[in-house]
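Form predicted alone, single chain, as structure tokens, below.
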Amino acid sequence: MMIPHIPEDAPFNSDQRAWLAGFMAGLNSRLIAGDHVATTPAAGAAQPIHILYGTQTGNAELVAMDAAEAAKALGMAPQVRGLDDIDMAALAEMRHLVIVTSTYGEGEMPDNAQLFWEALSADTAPRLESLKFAVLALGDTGYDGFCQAGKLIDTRLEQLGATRMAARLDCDVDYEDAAAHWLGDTLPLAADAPAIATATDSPPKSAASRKTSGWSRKNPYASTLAVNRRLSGAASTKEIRHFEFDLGDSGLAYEAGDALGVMPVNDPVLVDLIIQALGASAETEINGSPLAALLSTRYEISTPSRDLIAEVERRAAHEELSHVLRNGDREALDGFLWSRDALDLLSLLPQRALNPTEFVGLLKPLQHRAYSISSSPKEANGHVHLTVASVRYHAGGRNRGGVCSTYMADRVAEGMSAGIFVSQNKAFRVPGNDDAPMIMVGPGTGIAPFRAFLQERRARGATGRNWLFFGDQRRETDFIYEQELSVMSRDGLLTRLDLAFSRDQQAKIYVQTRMKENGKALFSWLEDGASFYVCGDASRMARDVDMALSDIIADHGGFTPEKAADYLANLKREKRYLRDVY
């Protein structure tokens, strides 16, 4: 399963030197200015500081943990928790607070921040005059709601009387250096005890570095692709593939529920066409690097950046593009940009209107793509598995495809290597209690983490019941991992398997249809302590599943809609309703 606009957030740079250079630079700048910076606690207890995170995929937690390591070096006593672990009574008791949050979808709160936000924005929220706070927001300027979750929380805390220690920082996808400097400048402001830092203080070891063995987006591990196999049938309208990367001697470790970041290389055909449109050559140098290399591995060229869109609109005199930008109509803009890449935008300009240096300066850095891992390390024998749909379509007279999905499918043959790293997602895990029931809803490639969950439970000898809802278009061509699931059912690992193939009959049947058909049993499992998981498309499937679950709780629990909403909220608070959606 691909998590598309990925990045809601990415792991903090595990290259310790880069992170610590930024952190220490922030401290040194304050020392040079003559500021008092606390690095050791004053007599008595260390200054407490609360560091809270909101994330959809778990990566913002890594940033929060790095912030905690830095706070410890300053002599403080950090407490790191998810936003969904904090109620308003606990918030009212806090005195120093740093919030690190990503934004999900088009400006929405991440799942583990939603309940916190609902309570914070309610009329019943407490006054917070005694609280000093700062917000670090992670986002992507490619989306309308850039850092919206952080902006909303920051504004609401101020409305409730809290005082900012530092101005909010809104970070784009390449945020590591900016975030490190911001933390280096902000954290000392929470340390009340005046003590001067000394040159002999040892910098903290990055928590993210320890957990990812040094491999990161900026330093990926060159892993050999051991398996590249098509799962879907030849007659399927989809192309779903199974990949296995060899971890070799990398030291990379992962758990069921984590994601794997893959560093793509852009389509060489598109790279060549852009170079031709610019009237340049592959060897044309931009700041000392060949243009072809930059367009292949350094910059996004399939999804036009906002800067490129704005510059093309300014120069092109294109009525439709100007109209949608002037009116701020996001839907119309999305429609205009649908299937258009950077080459399409260039074609709206007179020939060579942009020179290569100008063009490259308008692009965004090429980002990794994150995929839910579909294996348990306990059964994968030193490999990590992915289940990926290859995105392919034809538009504007050209064949086009997903940046990373077609890179892996077409240009990374078995035996070749690709850059990878692990993104932890501690918020999406198999139940810690091996006896607890587990309900999984994962149509299409959404089955990926649940294949890993089932392998994990088998390897652990877990006795808890397991129920999977899976579906796609047609059973004959789209029932991926059918043989494996059949064996799991036969052996009793998979207690229940409900299938929904939408196009095998006249009336469409989806996973939420099967959920409602089995609502009584599903509610009974929830009452027995089952955890409920969803993986897949957020805009339609996950919302439909959420509505179906609410209806099931109301119908079979005998609840009013309000009580059903409370029941659902309690599942979230208990970490028993978890989503890995995109």
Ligand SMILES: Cc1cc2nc3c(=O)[nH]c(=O)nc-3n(C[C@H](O)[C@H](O)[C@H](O)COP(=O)(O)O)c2cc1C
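From 1 onward, residues are counted along the sequence shown. Fair warning: this is a prediction, and the values are worked out from it, not measured in the lab.
Another form, the form predicted in complex with the named molecule, is not on view; read the next lines as being about it.
104 is the sole member of 469, 421, 133, 104 with a non-hydrogen atom lying within 4.5 angstroms of the named molecule in the model of the complex.
Taking 182, 299, 117, 143 one by one, only a single residue has any non-hydrogen atom within 4.5 Å of the named molecule in the model of the complex, and it is 143. Heavy atoms within 4.5 Å of the named molecule in the model of the complex are found in exactly one of 218 to 226, 281 to 289, 427 to 435, 95 to 103, that being 95 to 103.
Interface residue remark: residue 57 is counted as part of the site for the named molecule in the model of the complex, having a heavy atom within 4.5 Å.
By the criterion of a heavy atom within 4.5 Å, residue 138 is counted among the residues contacting the named molecule in the model of the complex.
Although the partner is absent from this view, residue 582 contacts the named molecule in the model of the complex, with a non-hydrogen atom inside 4.5 angstroms. Put simply, residue 71 is far from the named molecule in the model of the complex: not one heavy atom of it is within 4.5 Å.
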